[in-house]
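You are given structure tokens for the same protein chain in two forms, set apart as structure 1 and structure 2.
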Structure 1
Amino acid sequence: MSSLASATTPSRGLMRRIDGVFLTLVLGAAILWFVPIGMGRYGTYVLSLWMVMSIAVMGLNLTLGYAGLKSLAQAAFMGIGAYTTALLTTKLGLNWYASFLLSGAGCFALGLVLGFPALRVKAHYLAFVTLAFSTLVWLVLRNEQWLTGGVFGLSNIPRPTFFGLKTDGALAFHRFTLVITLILALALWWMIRSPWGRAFLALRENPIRAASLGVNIRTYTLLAFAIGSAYAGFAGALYAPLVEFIDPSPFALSASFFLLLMVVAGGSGYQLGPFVGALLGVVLPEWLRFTGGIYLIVFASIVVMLLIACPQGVIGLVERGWLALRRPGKGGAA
């Protein structure tokens, strides 16, 4: 009997680790592999942009949703990643994969530096620190024309190859972006279920209690900023070859607010929230273009009504509905 129990224990542990989020990510990737067929170049581009923005929102969701640290610098880190990749591939001739890793590593290091103020200031004061950093980065991207091209930007950004196959076409690059997004999402899925993820949650809920339980507040605060910033750098490294031309405007302070809106609208603290939030922020405005010049007003109204109805976001609303369905009736068993 003991041998049978020991034989079945690993499989049970595996089934606990492979949960609904994992299956949703894998199944969603399989569907998205074939969805763009017949959509046209622009429709495929929108889907690719959605996945790129989902990566940036994943990082911000880790910083805000799991660690509880408010940041308004996500678009700035995304810009740093995009310009790093563009400069390394166009000026120095470095391949995209090395540029991708260097973009993430650079943003990780900057995130560590920016995380130090988080050790001293909290709540909206921390948001002001990241706001100042975001403004500084945008000014550098706009004014240092010798490096970034200024308002003229950088063009002719090459797209990578994937196992010898070129990704110049819209469908090929979409599938390449899908693979990178799935890898990063599964890495974050593992991280959230590791002791790191539990430490981040403890840091968000009650830092004093977390410290009393042995959680190193200093280390995990810095890690939350650094990993979230690295994900923004990875998103920027994909954004640059996607659009093949970058200028400072997509990385302004307003873009950081928009990324924050995606986190809240999708569901802060839910791993699938970034995908839903980015879907609302990227794809929904395109679906609403049939309304003509008022599509942005319609989009803003939908988001406002959503946040009033459910501050926990779309995933929170789905969870509430699921719990309501599972709740037993008044005469049922507890």
Structure 2
Amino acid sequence: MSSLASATTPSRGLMRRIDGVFLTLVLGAAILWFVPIGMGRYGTYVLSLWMVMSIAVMGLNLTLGYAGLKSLAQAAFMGIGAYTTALLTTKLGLNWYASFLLSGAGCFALGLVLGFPALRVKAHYLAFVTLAFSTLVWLVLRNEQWLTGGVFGLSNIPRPTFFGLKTDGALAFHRFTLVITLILALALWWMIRSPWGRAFLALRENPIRAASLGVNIRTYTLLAFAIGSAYAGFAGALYAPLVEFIDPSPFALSASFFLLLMVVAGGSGYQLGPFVGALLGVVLPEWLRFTGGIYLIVFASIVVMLLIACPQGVIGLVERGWLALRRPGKGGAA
């Protein structure tokens, strides 16, 4: 790591930020392990939902924030993951871990199949291909009743066991979700720090220079999209046992739009951004409950204002403020 880091890292500041990310992830997980005690079933459920959405947003952050691709199918991939896990565990009696891996692998493969033709042409065509895919997935989920239960959905999705320990309770499942989220977040953290990830950062900062240095843009962006989609599959695999009942509506196109908004709200291209974005997207509705149905309008308006003021999102805003405080002369290290 050190030789590669010194060869390609522009500054020590970046390294510090990455270590900060690692520490924040581990510390945050430790805090979240104990936070739900005394919060009741519903509060714990909201926290778990935050974790699950964070995984999906993390994946989309890789696609959007690092590769600059608009995927409008993240919720559809999440749906594929959720239905795969639900069907495998309820109908075939497969254990959750195998279903989880299959959900992710399936979404990864689908991501490759979808991304390859779209990225062959122009990056923004991926937006339209994923838009079409999203609608197709929704149609299949709704219409193929024999498999997906149609609008009635699938119910009685079992929760996994952890070395013989049941995770049926809200707190136990929350901790289980937390561990999986931490593993996936650290995997992504490691990926972005690896040589592969460094090529990726180079690609984001200056694609033409990266290409001239031998980075194969198409392969890297395609892989980013596929891995991002796999994360949505993983999120879906956790979502199904969390809610224990799934129907097509949370995986519609508007949900994919919403996930993109969470990425930019948190800060696209920042590793902690997805947690902030998902917090805004999942927990904010709870706080805005008194407003009735208009929380979506409030959230979307906040995102638009944030995008106008600071396209780097909340984390970017915090970083900007931090830099201004620490070193008044130096700005824009992101």
Partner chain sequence: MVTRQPEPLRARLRLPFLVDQEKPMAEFLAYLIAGLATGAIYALAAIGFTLVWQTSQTINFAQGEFVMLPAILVLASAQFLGLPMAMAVLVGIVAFILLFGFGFKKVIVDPMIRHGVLPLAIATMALSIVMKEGAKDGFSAEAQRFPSFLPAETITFAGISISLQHVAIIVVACLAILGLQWFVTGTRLGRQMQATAQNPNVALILGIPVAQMVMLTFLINAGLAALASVLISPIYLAKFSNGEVIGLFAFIAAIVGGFNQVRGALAGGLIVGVIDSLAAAYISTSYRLAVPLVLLVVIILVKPEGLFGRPEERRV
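Take the two forms, superpose them, and find the largest set of C-alpha atoms that agree within 1.5 Å; that set is the rigid core. Quick note, the numbers are simply positions in structure 1, starting from 1. Just so it is clear, the model here is predicted, and its values are computed rather than measured.
Asker: Name the structure that matches the description of the form predicted together with the partner chain.
Answerer: Comparing the pair, one sees that structure 2 is the form predicted together with the partner chain and the remaining one is not.
Asker: If I superpose the two forms on their rigid core, does the C-alpha of Val46 end up displaced by 2 Å or more between structure 1 and structure 2?
Answerer: Stays below the 2 Å threshold, so no.
Asker: On a rigid core superposition, would Ile31 pass a 2 Å threshold for CA movement between structure 1 and structure 2?
Answerer: No, Ile31 moves less than 2 Å.
Asker: When you overlay the rigid core, is the Cα of Leu280 off by 2 Å or more between structure 1 and structure 2?
Answerer: No, the C-alpha moves less than 2 Å.
Asker: Can you give the C-alpha shift of Ile308 between structure 1 and structure 2 in Å, rounded to one decimal, after superposing the rigid core?
Answerer: A shift of 3.2 Å at the C-alpha.
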